[in-house]
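Take a look at this single chain in structure tokens; it is the form predicted alone.
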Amino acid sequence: MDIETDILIIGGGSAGTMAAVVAKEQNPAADVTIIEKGEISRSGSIAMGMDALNIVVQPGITTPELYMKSAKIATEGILDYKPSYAMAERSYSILKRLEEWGIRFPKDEENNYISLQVHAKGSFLLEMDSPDLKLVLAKKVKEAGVNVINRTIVTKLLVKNNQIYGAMGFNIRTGEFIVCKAKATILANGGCARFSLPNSGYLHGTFDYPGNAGDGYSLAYRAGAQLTGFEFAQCSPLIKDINCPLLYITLTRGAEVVNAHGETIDLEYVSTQNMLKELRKGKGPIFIKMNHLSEERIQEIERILFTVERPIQKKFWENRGIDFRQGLIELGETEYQLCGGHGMTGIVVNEKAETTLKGLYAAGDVACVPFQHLTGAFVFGEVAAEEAVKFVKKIDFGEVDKSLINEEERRLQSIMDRNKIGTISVQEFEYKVRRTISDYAIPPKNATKLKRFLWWLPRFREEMKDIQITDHHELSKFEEIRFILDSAELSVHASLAREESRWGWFHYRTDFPEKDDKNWLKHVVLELGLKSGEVQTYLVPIDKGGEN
């Protein structure tokens, strides 16, 4: 299938759907296409609903400047000023847009939005009551007249002279090869949730959306874009065995965290680092305790958990025989992930969502706007759309070398043909890759461990020829292993480059155990060496533009 579109959006989650709707608002005549690996009505990190908008600057109550002070604490200074400020500045208008779409933000008796403090400074998190947020977004996309291509994985961007002209991929059910030429392309396909292994060993039992395998990171890297923050490998203490979130929902409403000795853990604000420290000290397991709360407050928590934030929790607790009024909720460490929403990893972007490649924009978890959460996905989906609409007015469709398209189609077909006689299942191979990531690429780190992963890396890539591929769904999983390996390679190189420890446990190096602001208050930026074909690492100063 050959397609031409003005704006191609890769990924139909929060950022992608917002970008599509806004692009059509900006120019109703523009042809806008979303390519989504899943099904747009239930895809992306939220998949269903959401209980909060994490960052909202309310006029007269908080300010973008106060948010920036909080963000500097959370990132320990490793963030560029302009993108994060732009997110904070536009956050309230995003809330108002969502309200116009029917999304409910509860208010108190005085008609004020209900805000909760989870940041170091300021109450920026606003309660949201939207169990069907993703359905609302998908409906808005349909009403806008956006072309949606579901169940299609993008395997390569079309690039010529450092400019992106679209992408290639295939339908994971039919195998149909798809070439989509575009004047502008927006990457909105998430982070890398499938990084290390969950304790359950189940490949898709991840905290974040398991369809996020680092696709966008790999696509951008292979096309020549710059990326950063890959040394920030993050885990969270969440509900043991199912990795479901509940910290913000319970702790902001009076719940406590206690260790195995029954001692209450001082959280400062909602600090996962303090919880992880208890586990490192051998004081685990740790638990959420709610039996001191009123019945009204517990029912409020249950309503949110069981209707908005992963409703499967209700059945889970019933099967375990646990009542929040009496029992403790055990927390366990999740797998490690790379993410620009909950963390600091992603494609380098400026305040206009522009990457370092012409015609390529990035929004949401795939972009490096540290700790942007859902707000950042919506804001930069909006920004990317506005900028892409302006960009496409200036250019025509570029001519792409047909041989590049033929080469990618032949590569995919050869994997199908060659790997039918493979002896290793795609699931077994992914397990081995992610087990090795768990062994060598996550905290605690040191040079020897990290280099051991680099020793394994070429062997994995060579041995992929032994993976058995029997259908196009398995071929898509094969491609996801490529993305995971690229993400891990970038993470290891970034971790080797940053010769200090920073962000608590998330970049703890036993050979450099201290934080070193004098030498390391800077970005570690990565890109593909066009001549060497290897990861190139650069140290880039923090952009403090506009900061007082």
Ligand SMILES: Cc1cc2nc3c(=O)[nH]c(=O)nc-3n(C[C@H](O)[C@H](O)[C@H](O)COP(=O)(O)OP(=O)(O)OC[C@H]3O[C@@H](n4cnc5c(N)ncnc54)[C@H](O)[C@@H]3O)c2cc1C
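Keep in mind the model is a prediction, meaning the values are calculated, not measured. For every residue, the number given is its place in the sequence shown, counted from 1.
Another form, the form predicted together with this ligand, is not on view; read the next lines as being about it.
Here the chain stands alone, but in the predicted complex its contact with this ligand, taken as any heavy atom within 4.5 Å, falls in 46-54 among 59-67, 493-501, 507-515, 46-54. When contacts are judged by a 4.5 Å heavy atom cut-off, Asn212 counts as touching this ligand in the predicted complex. In the predicted complex, at least one heavy atom of Gly190 sits within 4.5 Å of this ligand. Not displayed here, this ligand is kept clear of Gly229 by more than 4.5 Å at the level of heavy atoms in the predicted complex. Interface residue remark: His342 is counted as part of the site for this ligand in the predicted complex, having a heavy atom within 4.5 Å.
Scanning Glu309, Glu335, Glu430, Glu278 against this ligand in the predicted complex with a 4.5 Å heavy atom cut-off leaves one residue, Glu309. Interface residue among Val154, Val257, Leu331, Leu95 relative to this ligand in the predicted complex, by the heavy atom within 4.5 Å criterion: Val154. In the predicted complex, the residues of 10-35 lying within 4.5 Å of this ligand by at least one heavy atom are, in order, Ile10, Gly11, Gly12, Gly13, Ser14, Ala15, Gly16, Ile35.
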